[in-house]
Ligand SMILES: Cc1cc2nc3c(=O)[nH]c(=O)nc-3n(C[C@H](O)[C@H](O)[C@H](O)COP(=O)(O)O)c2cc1C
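Before any questions on how it binds or moves, here is one chain, the form predicted on its own, in structure tokens.
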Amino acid sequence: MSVLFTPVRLRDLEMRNRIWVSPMCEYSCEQQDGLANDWHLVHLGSRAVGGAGLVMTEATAVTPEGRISQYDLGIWSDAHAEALRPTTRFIEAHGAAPAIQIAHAGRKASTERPWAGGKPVDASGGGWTPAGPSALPYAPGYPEPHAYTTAEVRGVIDAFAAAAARAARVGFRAVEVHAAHGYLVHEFLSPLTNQRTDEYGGDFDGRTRLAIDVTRAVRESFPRELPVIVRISASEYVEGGWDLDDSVELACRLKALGVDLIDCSSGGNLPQQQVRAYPGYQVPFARAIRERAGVATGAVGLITAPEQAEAIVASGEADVVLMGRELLRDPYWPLHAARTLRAEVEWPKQYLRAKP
């Protein structure tokens, strides 16, 4: 029997298989409005029709200044949440669990869309001043971010909590806190980007305080019977930076707060990172955190073949796999993978005439 196609349960949420759609920015809202539209419904809904077990939105900003670009999804108001309701309804109607990643871009905010160059956008182009733990630009050519005051940090925590509550009201069945890829929460974690001297800086306890406080607030705001997930960058690939041992310790603390799964990615915080990417290159992070912190994990990154995904979960290296680019190339990858692995899965009735 294929392990990849066995159900997985987190709290009261059971997902039909262990193939999850990784959060992937689409940059497809109308400029500045942050509202979900037909693109998001069709993009996310087609992955549910295609057989994924859980379908997660892109990084969805908890404040307007927390967007990566002017075209990002937001959930900083009730109107933004309601715009997502048709998508959650469709995903669930087609057998998948709708999930949302809530995020703040920190000092990497206010940039152009990747296909337009991805460079910082200033006020003359509709941009804004990004903010972070310290006044350290991400890279040459990026603006100096505003260093959040302690009071402003607490406002960010409240924004995450409010976003989680809104998400639950419009039908999301899981919520993921984005603490990876050099965005705000990750920036606070790293000793290379956090030079604060208040309670949110300094030693390990101080630098992890924002991640802890955000996660606690989200856990308290989201229904107890539904899972909270945290995505981390398990290593930032720079000497003296955040590393796997730090991630294991953080995962232990997050588990104690009621986090149900750690989504194990890496990198993104510093442009000088040295990453050696190869198929499944982040799987060892998921395995180490699962074994050493005793928490469920998700593996992500260059997972493309059915046999590869099967081996990851069957060997206990991770509990689920999260897939991005491969599901962009083929929304129906799970249905095809089931055939390869000789797993019997239910096809959409509308597509039964095409079932091999």
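Please read these numbers as outputs of a predicted model, since none were measured by experiment. Note that residue numbering begins at 1 and tracks the sequence as displayed.
If you look for the form predicted together with the named molecule, you will not find it shown, but the lines that follow are about it.
| query | Though the named molecule is not shown, can you say which of G301, G50, P306, G53 has a heavy atom within 4.5 Å of it in the predicted bound form? | reply | By the 4.5 Å criterion, the partner-contacting residue is G301.
| query | Which of these residues, T88, Q101, S235, S190, gets a heavy atom within 4.5 Å of the named molecule in the predicted bound form? | reply | Of the listed residues, the single hit is Q101.
| Per-stretch contact check against the named molecule in the predicted bound form, the hit in 21-29, 330-338, 343-351, 8-16 (non-hydrogen atom, 4.5 angstroms) | Of the options given, it is 21-29.
| 4.5 Å heavy atom contact, R107 to the named molecule in the predicted bound form | R107: no contact with the named molecule in the predicted bound form.
| query | Is there a heavy atom of R207 no more than 4.5 Å from a heavy atom of the named molecule in the predicted bound form? | reply | Because no heavy atom of R207 falls inside 4.5 Å of the named molecule in the predicted bound form, the answer is no.
| request: Decide whether H181 counts as a contact residue for the named molecule in the predicted bound form under a heavy atom distance cut-off of 4.5 Å. | output: So H181 counts as contacting the named molecule.
| Can any non-hydrogen atom of I312 be found within 4.5 angstroms of the named molecule in the predicted bound form? | Looking in the predicted bound form, residue contacts with the named molecule do not include I312, since no heavy atom lies within 4.5 Å.
| task | Scan 50-67 and write down, in order along the chain, each residue with a heavy atom lying within 4.5 Å of the named molecule in the predicted bound form. | result | The stretch 50-67, when checked against the named molecule in the predicted bound form, contributes E58, A59 at the 4.5 Å heavy-atom cut-off.
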